[in-house]
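There is one chain below, alone, in structure tokens, taken in the form predicted alone.
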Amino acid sequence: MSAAAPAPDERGGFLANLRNYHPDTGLLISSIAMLVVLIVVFSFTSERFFSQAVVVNILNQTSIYIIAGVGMTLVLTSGGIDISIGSVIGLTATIMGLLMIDHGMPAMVAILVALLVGALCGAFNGFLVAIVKVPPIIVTLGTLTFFRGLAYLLGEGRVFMRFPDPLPWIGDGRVLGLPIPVYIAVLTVIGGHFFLTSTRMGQRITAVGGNEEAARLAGIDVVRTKFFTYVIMGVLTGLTTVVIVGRQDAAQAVFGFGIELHVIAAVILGGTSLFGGRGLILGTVLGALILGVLNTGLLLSGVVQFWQLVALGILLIAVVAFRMAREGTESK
């Protein structure tokens, strides 16, 4: 005979039962609720908000944050952080411009080089964090400047334009009415979710972020796990660069400036812990959509960009403070 299903918790209701079924469900529900509230609010402030063009634009704009956000979710889950990704984008974009515009390298080969450059940048960060054991915030703060400096030196202030196909199609093409970057983001999310939840390496990343010493005592190679996580972050940053260069049909050293703020914000808004041990790939998607709806809704409502940054900062602080207070209450 099969075991009887556990009786529902009548006191907690439906949402409490969902949280009991999966500990991260409550975080996902709160992110969904936040997204719904923003959609409802902006539907009243702008009659164009629900137009097809606006919805597609939100999906297109958030795709780059989702792609990079999958990598950032893994890094934060492992207990680290990477604030150098904007500079990696600038460096990778510059190298793509030099190879494709100046030397005529085919687009598909240049795309593979972009992924390799991202992986090398991630490996450099991972080496310093995992092997040299420099704190992640210090390492990536230093490489933020280092990689950007290399980009300026290599690019010499140039703007590379008119990239050959299929790069512009990757960044701006459409299939069934949806931009290609949206499909790339969906595939990245599916792969990232499977990797984090259903593979040994993904489980090791979570274990290392939750308690590094306990993970080491359990036989997990902490150094290898951390190093590999930053390499993945680098590869996905390289992929993000390909999308950005294809969308702009241009490349320069300044590309990616400030993107790390939006990516980290999306990941945190989605429920991934700043302190490691909990990562939600699906939550990162919701976080990116929250940012996309917020920015687009404020823009359509006539709010200037500076106030958009203020709103983003306030939202991020409020969400983190609320979740920390809630975790503190539940731990008592």
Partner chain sequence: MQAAIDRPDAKGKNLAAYWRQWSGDYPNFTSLATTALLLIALVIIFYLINERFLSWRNVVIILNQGAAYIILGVGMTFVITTKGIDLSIGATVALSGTVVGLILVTWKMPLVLAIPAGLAAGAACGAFNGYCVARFRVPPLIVTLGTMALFRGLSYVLLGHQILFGFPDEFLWLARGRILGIAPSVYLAFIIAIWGWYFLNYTRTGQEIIAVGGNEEAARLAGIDTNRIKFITYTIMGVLAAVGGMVWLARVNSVQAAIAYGVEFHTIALVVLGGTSLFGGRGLVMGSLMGALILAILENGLVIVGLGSFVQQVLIGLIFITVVAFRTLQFREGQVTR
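Only a predicted model underlies this, so the values are computations on that prediction, with no experimental measurement involved. Residue numbers count along the first chain shown, from 1.
We do not show the form predicted in complex with the partner chain, though everything after this point is about it.
For the three residues Gly173, Tyr183 and Leu280, a heavy atom within 4.5 Å of the partner chain turns up in the predicted bound form in no case. With the partner removed from view, the residue among Met161, Val134, Ile190, Leu112 that has a non-hydrogen atom within 4.5 Å of the partner chain in the predicted bound form turns out to be Val134. The listed set Val54, Ile268, Leu286, Leu294 contains one residue whose heavy atoms approach the partner chain in the predicted bound form to within 4.5 Å, identified as Ile268. Within this chain, Ile264 lines the site of the partner chain in the predicted bound form, having a heavy atom no more than 4.5 Å away. Of the heavy atoms in Thr94, none are within 4.5 Å of the partner chain in the predicted bound form. Contact between Gly142 and the partner chain in the predicted bound form is found at the 4.5 Å heavy atom cutoff. Contact annotation: Phe227 falls outside 4.5 Å of the partner chain in the predicted bound form, judged by heavy atom distances. Comment: 251 to 259 is the region of 161 to 169, 97 to 105, 251 to 259, 230 to 238 lying near the partner chain in the predicted bound form, near meaning a non-hydrogen atom within 4.5 Å.
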